[in-house]
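Shown here is one chain on its own, the form predicted on its own, set out as structure tokens.
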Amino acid sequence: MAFVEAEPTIELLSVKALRFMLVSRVLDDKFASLYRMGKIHGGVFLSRGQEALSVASALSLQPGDLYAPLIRDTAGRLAFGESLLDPIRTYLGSALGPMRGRDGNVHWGHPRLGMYAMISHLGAMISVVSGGLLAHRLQGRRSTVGLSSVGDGATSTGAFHEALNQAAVEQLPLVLVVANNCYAYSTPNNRQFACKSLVDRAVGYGVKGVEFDGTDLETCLRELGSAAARARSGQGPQLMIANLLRLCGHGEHDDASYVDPNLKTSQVGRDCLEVAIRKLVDSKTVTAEDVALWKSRAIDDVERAVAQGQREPGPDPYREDWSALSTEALVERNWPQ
């Protein structure tokens, strides 16, 4: 007799998610420190305030699904299966990282494992995920779900419109997660769109739209889990609007002085990590000692990984052929003389 593994309870899933969130926050703090020390060249973009949404996005997916994270998706990347060394090697420019020390420090991924390397242009990753879903459909793989993360600023671009419109017409199993953190860099929502809520746009595309609290881990897990299930069952694209606040600047170069102080003390300004810890401790799902132990282990793990990354060499410009990694096997090695 075959036994079917039971779905984890929301409490167990929340505990799993919390541990990824703790590692993500510790890693972000370390990146900020390394940036201020001049050890990281280029931008540093932190996930503070978005960890609950990010980890819930990844945990809603299954092996074989497609995932397109963005710059504030450290927790989601880790939950999807990325090693702790990958982001560290990428930020430090290690030649042993997934991008071999190339192309800045944020455009890394693992396409063969279903996690796409990020394109910086807002909204551009939606069509990439849709293309992957169409490819799977042509291959007869009908159970795949694709999830693309964007910010509220991306919803004002042509790429967002074209990609979501195509996904709706094709009825693709796309979960489009919008982190509405109230600012597109420094442009507030009221200068971006005139509708009352971004979820109002769903009806115009003929897709399901849900708006929810992005600061509450349990809510994020429930809503994104349900969205992935609907997409997998053939109900088409799901537009998921999570309301939250970026608890840092756009990058470490930005002091976020333009953020309305009233937002910081409102519901969207809550720290999702603190909210998750408090709720899980209050419900006696975990203890404060558990959380302290997990954070201590996260600090040790991050410190060891950073020390390793700092010892590794960068790319050698005299040996590097600089061909695109994805097409390296296709490069002509023997040019006519």
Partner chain sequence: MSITYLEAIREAQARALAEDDRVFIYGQDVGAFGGAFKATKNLAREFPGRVIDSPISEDAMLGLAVGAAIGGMRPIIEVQFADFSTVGFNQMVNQAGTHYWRTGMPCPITLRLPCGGTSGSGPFHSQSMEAIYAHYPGLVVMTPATVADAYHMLLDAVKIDDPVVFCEHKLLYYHLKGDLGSGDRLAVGKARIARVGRDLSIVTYGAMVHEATKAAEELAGEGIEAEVVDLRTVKPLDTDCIIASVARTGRLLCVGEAYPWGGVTAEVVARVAGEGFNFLDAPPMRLNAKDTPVPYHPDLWAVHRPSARSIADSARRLVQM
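Because the structure is a prediction, the values reported are computed rather than measured. Residue numbers count along the first chain shown, from 1.
Although it is not shown, the form predicted in complex with its partner chain is what the next lines describe.
- Checked against its partner chain in the predicted bound form, the candidates Gly249, Gly236, Gly209, Gly93 yield a single residue with a heavy atom inside 4.5 Å, and that residue is Gly93.
- This chain is drawn without its partner chain; in the predicted bound form, the residue among Asn243, Asn105, Thr219, Thr144 with a heavy atom within 4.5 Å of it is Asn105.
- Stretch-level contact check against its partner chain in the predicted bound form with heavy atoms at 4.5 Å: of 53-61, 267-275, 289-297, 35-43, the positive one is 35-43.
- Contact check for Glu11: every heavy atom lies farther than 4.5 Å from its partner chain in the predicted bound form.
- Within this chain, Gly225 is remote from the site of its partner chain in the predicted bound form, having no heavy atom within 4.5 Å.
- Its partner chain is not drawn, but in the predicted bound form it has no heavy atom within 4.5 Å of Ser83.
- Its partner chain in the predicted bound form is not approached by Leu263, whose heavy atoms all lie more than 4.5 angstroms from it.
- Looking at 309-323, the residues that come within 4.5 Å of its partner chain in the predicted bound form, counting any heavy atom, are Gly314, Pro315, Asp316, Pro317, Tyr318, Glu320, Trp322, Ser323.
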